[in-house]
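Coming up are structure 1 and structure 2: the same protein chain in two forms, each one given alone as structure tokens.
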Structure 1
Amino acid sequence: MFLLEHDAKQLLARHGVPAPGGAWVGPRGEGLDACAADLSGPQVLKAQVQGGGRGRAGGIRKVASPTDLAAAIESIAGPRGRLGDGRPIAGFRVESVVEGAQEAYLSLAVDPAAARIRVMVSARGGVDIEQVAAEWLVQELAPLDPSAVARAVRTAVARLPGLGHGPHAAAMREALAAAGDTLAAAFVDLEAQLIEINPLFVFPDGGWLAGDAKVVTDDSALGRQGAQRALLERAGARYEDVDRKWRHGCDYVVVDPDGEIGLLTTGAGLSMMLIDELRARGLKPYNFLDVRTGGLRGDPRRLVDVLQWMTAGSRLRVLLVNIFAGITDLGEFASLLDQALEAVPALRVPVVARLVGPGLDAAREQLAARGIEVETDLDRAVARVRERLGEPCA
């Protein structure tokens, strides 16, 4: 789960990571009046989107007083509630301005190739970290152990170039080492894949604050992570894909809001391959899906949920079912699909089915009663999709 900055800071605060005081405001300013009463002095308004580069996209703005916040929110969100680069804004974090601090950088990330945790430290941070990385960034690798990761941070800090001596250098080393101790423990406890603090504010006395926080956690660890489950319970709408996976047991992601072809597929690899194949042929798939048919167990509810989600596709024109079955009996799957289609009459689009596996004859018979012909060849299935779209076959 790629956490929004506000949620990341709240989660890290439970592990002792300090950050400037801040409050959540809805994407259209909901809750602004309540939080503005507690604010004083200059503030930073930060659009909450997944990913970096918010500053360059116009998503971060300093305001002189709480009274300026409403105008700043309207200016950043615009009429569509999106950043300049098109990313939807989930909300805003209103945060106290930090003064009198240097900007540094610290990140911990899983390195699958090395089977280690990669530590990256720099005495310079901020939006230009990519430009200074070659000269100022130091890296270390450590096994997945809080003490080992903390030692790796301290080793990297000792190797930082250009710091020299004096009170500023001492404060920087002290702050980065202390931050490494705290973040190493948080990284392991949260079962994180990435924690990046940029900028990490360092004060003359060696104190530090997380100016920004990028946190990615492991979705498969949700069963062990109570605080992350509580976040989904409280704010699942901010993390629809993860929330769906946790609640419904399948992966569903809208890959193109303007897509014309809904995909009902099982197997992540098969779904990704199909998306690539359709795009290569000039077609527009709407979603990625791994419905995991092995978990249906005679119950069509998961398929009903998926079809209901697809009704949000305003330009959806065809449903393509692509099931390459192993242990799944296609006759049972076809029966469940028939029940799901009956339960979601709002999905008024033609259905093309490509099925391969055991129980194929029973599936053909079941779906024929609904007027759905079953193909076993992908090319023929795609040709049928083109027919339903009213396009000439390639």
Structure 2
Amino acid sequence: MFLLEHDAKQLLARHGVPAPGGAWVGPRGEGLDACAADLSGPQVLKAQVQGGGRGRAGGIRKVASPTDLAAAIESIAGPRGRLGDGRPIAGFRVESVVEGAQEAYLSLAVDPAAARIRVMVSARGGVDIEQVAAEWLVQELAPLDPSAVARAVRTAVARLPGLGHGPHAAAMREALAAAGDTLAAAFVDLEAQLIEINPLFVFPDGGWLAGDAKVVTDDSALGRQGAQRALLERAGARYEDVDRKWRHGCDYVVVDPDGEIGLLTTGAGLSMMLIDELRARGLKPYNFLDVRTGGLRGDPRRLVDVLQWMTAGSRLRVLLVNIFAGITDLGEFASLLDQALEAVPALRVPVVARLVGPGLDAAREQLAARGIEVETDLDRAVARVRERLGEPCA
């Protein structure tokens, strides 16, 4: 889960990571009056969106006084509640402006190829790290262990170039080493994939604050990460795909809101490939789905949910079912599909089914009763989808 900055800072605060004081404000300024009463002086307003490059997209604005915040919110979000690059704004973080600090960079990330933790440190933060010349960036690898990671940060800090020996350099080294200790422990405790602090504010006395926080957690660890689970329960709407997977056990992503073909598919790779192949033929799939037929266990609930979600597709004209079953009994699956279609009458589109696997004959019989013909060849099923869309066969 790629956390919004505000959520990341709140989660990190529980692990002793300091940040400038800040408050959450809704995407239309909801809650602004309540929080503005406690504020004074210059503020920074930061749009909460997924991913980086927020500053370049006009999502960060400094204001001289809290009274200017409402206008700044309107100017960032515009009438559509989106950033200039189209990303939807989940809300805003209002933060007091930090003065008199140097800006550094520190990140910890799982390096899958090395199967270790990659530490990256730079005394030049505050800009996109890919713009920082390689000579200013020091990297180390460490095994997954808080003290080893903290040591790796200290080793990297000792190698930072161009710092010199003045009081600024001493403060920088002290702050980065301290931040490394705290963040290494947080990284392991939170089972993070990435914690990137950029800028990391360094004060003349060696103190530090997380100016920004990019945190990616591990969805597979949600079962034992109570605070992350609580965040999802509290703010699931901000993390729709993760929330859906957590609650429903399947992956569903709308890939084209104007799509015409609903996909009831299992398996991530095959579902992705099917979307690619449909698009290559000029067809418009609506969604990606890995329904995980192996996890249905005789209950149509998940299929009902999925079909229900698809009713949001206003241009949907056909449903393509593609199940390559290694072991799933297709007879049982067909009966669950039958129940699910029955339970979602709002999804009034023709169904094309392509099934391979054990229990095929029973499935054919079951679906024939609904007027659904079963194909075993995927390319032929796609040709049938074309027919249903009223397009000539390729």
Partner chain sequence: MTESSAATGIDESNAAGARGFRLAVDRHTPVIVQGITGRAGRRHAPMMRAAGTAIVGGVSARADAREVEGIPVFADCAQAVQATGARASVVLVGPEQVQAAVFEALAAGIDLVVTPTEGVPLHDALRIRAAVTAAGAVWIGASTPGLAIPGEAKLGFLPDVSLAPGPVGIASKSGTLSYEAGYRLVQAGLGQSAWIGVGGDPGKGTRFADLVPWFSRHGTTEAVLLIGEIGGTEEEEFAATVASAAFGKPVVALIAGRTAPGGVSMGHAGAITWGTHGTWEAKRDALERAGALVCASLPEAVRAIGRALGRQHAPRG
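Remember, predicted model here, so these are calculated numbers, not experimental data. Each form is matched to the other, and the largest set of C-alpha atoms that superpose within 1.5 Å is called the rigid core. Counting starts at 1 with the first residue of structure 1 and goes up one by one along its sequence.
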*asked:* The form predicted together with the partner chain: is that structure 1, or is it structure 2?
replied: 2
*asked:* So, superposing on the core, is the move of residue 140 at the CA at least 2 angstroms between structures 1 and 2?
replied: no
_Please determine whether the C-alpha atom of residue 191 is displaced by 2 Å or more between structures 1 and 2 following superposition on the rigid core._
no
*Superposing on the rigid core, does the Cα of residue 103 end up 2 Å or more away between structures 1 and 2?*
no
